[in-house]
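One chain follows as structure tokens, the form predicted alone.
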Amino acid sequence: MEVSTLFNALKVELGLELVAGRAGLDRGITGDRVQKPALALTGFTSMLSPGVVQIFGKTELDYLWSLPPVERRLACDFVTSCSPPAIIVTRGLDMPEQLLESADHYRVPLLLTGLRSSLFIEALHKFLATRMAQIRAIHGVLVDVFGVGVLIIGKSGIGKSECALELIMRGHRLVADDVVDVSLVPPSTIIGAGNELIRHHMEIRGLGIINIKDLFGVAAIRETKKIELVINMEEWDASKSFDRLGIVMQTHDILGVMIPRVDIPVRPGRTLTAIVEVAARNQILKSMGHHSARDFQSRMDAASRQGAESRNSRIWSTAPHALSSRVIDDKQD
């Protein structure tokens, strides 16, 4: 990603201003993190990571202003001569002329923002992580159901888009149909988005291509959504055993992250939209620590143990009487 892309995307949101080094806006950013130069200003530049944006905060600027002009220019050259993609000064701090001259000389874009370092770095990390994440296309439909990102997958023609359309008519929101672009936001968040060419559109057999945004309004769509549940639609097969208890959690691998998965057999008469809604609600409960199937299993196990203990206690309570009666009978014999 070029520095110009970062600047154009964030100049309004984060109040970025280009003050020097315009000739270097085509420099590439390869790191999804940022760095503060620290000892690099003293000449110890071996710790500077290549391709990483450098942040100058109050500490760095106070240090530069404390130096005599000649040493100040040398300190600025230490960093800019290492060709970082860009230098961003936070808090709207006044910059010495030596830093501006050094940035122009080495063609390093020098940007200014009024935000504090901590707030700016947090926002920039999110932007870089999203823009530089690994992207993969998945065949399926992504829908926001009760705030849960549900990815519906299954073979072509099984009814994914029709199920998603009915969910939209129930008030849920479409993210992507047919092609879902997924990306990994470290450490383990999978974000799904619609492909740019077909965003907000759906293909419904018999109707053709429809525009969800035009038909149902902006409230029926989302641009991106975290994927938290995978619904796998399969054709009904009487010979196949489907999970009936839901105690063991199944998962689906997306870019190395294991996402909870539910396999739903499809056959006439099943209300798939209701099942998807219940699956989303159930996933919300699980995320809060309530696992209905396991709770039910625990109660069944407890009831079985209690029943076994009760039977044993009845056996032992009647055993002494039976034994004493037998002793009496033996004496009479």
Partner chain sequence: MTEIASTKLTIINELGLHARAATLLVQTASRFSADLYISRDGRQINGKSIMGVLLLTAGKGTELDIQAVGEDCRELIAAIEELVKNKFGEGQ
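Numbering follows the first chain given and starts at 1. These numbers were taken from a predicted model, which means no experiment stands behind them.
Beyond what is shown, the protein has a form predicted together with the partner chain; the following relates to that form.
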- Quick one: find which of 232-240, 80-88, 201-209, 108-116 has residues within 4.5 Å of the partner chain in the predicted complex by heavy atom distance. 201-209
- Query: Even though the partner chain is not shown here, does Asn195 get within 4.5 Å of it in the predicted complex, heavy atoms only?
  - Reply: yes
- Item | in the predicted complex, Met249 touching the partner chain (heavy atom, 4.5 Å) | no
- Query: Does the partner chain come within 4.5 Å of any heavy atom of Asp178 in the predicted complex?
  - Reply: yes
- Residue contact check: Lys155 to the partner chain in the predicted complex, 4.5 Å heavy atom: yes
- Could you check which residue among His139, Arg131, His125, Lys226 gets a heavy atom within 4.5 Å of the partner chain in the predicted complex? His139
